[in-house]
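As a starting point, one isolated chain is supplied in structure tokens, in the form predicted on its own.
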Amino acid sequence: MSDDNDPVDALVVRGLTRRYGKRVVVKNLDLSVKQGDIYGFLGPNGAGKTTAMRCMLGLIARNGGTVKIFGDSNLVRSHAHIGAIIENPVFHGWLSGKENLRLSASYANIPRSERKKAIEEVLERVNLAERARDKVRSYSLGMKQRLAIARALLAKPKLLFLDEPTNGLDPRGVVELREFIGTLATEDGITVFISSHQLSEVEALCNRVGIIHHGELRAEGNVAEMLMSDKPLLDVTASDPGALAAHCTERPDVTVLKAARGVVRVRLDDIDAAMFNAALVQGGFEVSALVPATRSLEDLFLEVTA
């Protein structure tokens, strides 16, 4: 029996399928997002992330499956609770940020008497109040992303979909957006569903993730729990990292997770660190460092999408 204080399901997807001709882009997708989650939706390019999100929002038809938003399978009614940025946000460049939001407020059926206050609140919320009267064509990419979020927040949604919101942002913009999304969840109580290629940002921001590959969900769960590993990980530095990675790939007792910047990360499946080090030295490798590593979201992503 569930407790009254248990979080409710903000989004439940079961068996979601989308085909284009004979090509299946999303296949029997199941996932669930609890109220209050910041949920990271991950996958390589072409994995089906955007198509799946468009199906969840009712922007394109599903070939199968169900979608429930806060328990309601009627997506027309559910839209009252949803804000979304799917793919690149589009604005009227010759209008100001505030004028663009006025148009959006009218399309969203926000009562005329409430529009001015709603627009001022979201502009302040995304730190665009001082540039609100400037034409959008003068905005930087980061400002346009913030304006898109302001537009998505106009109707005070309970669930916010963000599709690759950090695309094109510089490192400072990425950090600022991450912090802002965090405050939406903690201060505004908004559940956030975010697709992204920025794995380190997702790891720092999201409490739950789902990883999709070839249209199928390959892994889903709590980030901290998913990153726990029952087998030790090592970062190995040797004189010839390319040869080391090739050698380890052929070994049945270790798994190569990644090789970058001269360091090979391996998982010890059936050998301890001392024996592994001795085997490398015996194999002619000059090992300069053997450092215990912590499993990252990138490691998990590479494992399940291999």
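Sequential numbering from 1, following the sequence displayed. Please read these numbers as outputs of a predicted model, since none were measured by experiment.
What comes next is about the form predicted in complex with a small molecule, which is not displayed.
A.B. asks: Only one of L257, L31, A47, C248 has a non-hydrogen atom within 4.5 angstroms of the small molecule in the model of the complex; which is it?
C.D. replies: By the 4.5 Å heavy-atom cutoff, the listed residue in contact is A47.
A.B. asks: Going by heavy atom distances of 4.5 angstroms or less, which of E203, E120, D134, E164 would be at the interface with the small molecule in the model of the complex?
C.D. replies: None of the other options qualify; the answer is E164.
A.B. asks: Pick from 49 to 57, 276 to 284, 249 to 257, 234 to 242: which stretch has non-hydrogen atoms within 4.5 Å of the small molecule in the model of the complex?
C.D. replies: Answer to the contact question: 49 to 57.
A.B. asks: Would V25 count as touching the small molecule in the model of the complex under a 4.5 Å heavy atom rule?
C.D. replies: Residue-level check for V25: yes, a contact with the small molecule.
A.B. asks: Answer with yes or no whether H197 is in contact with the small molecule in the model of the complex, where contact means some heavy atom within 4.5 Å.
C.D. replies: Within the cut-off, so yes.
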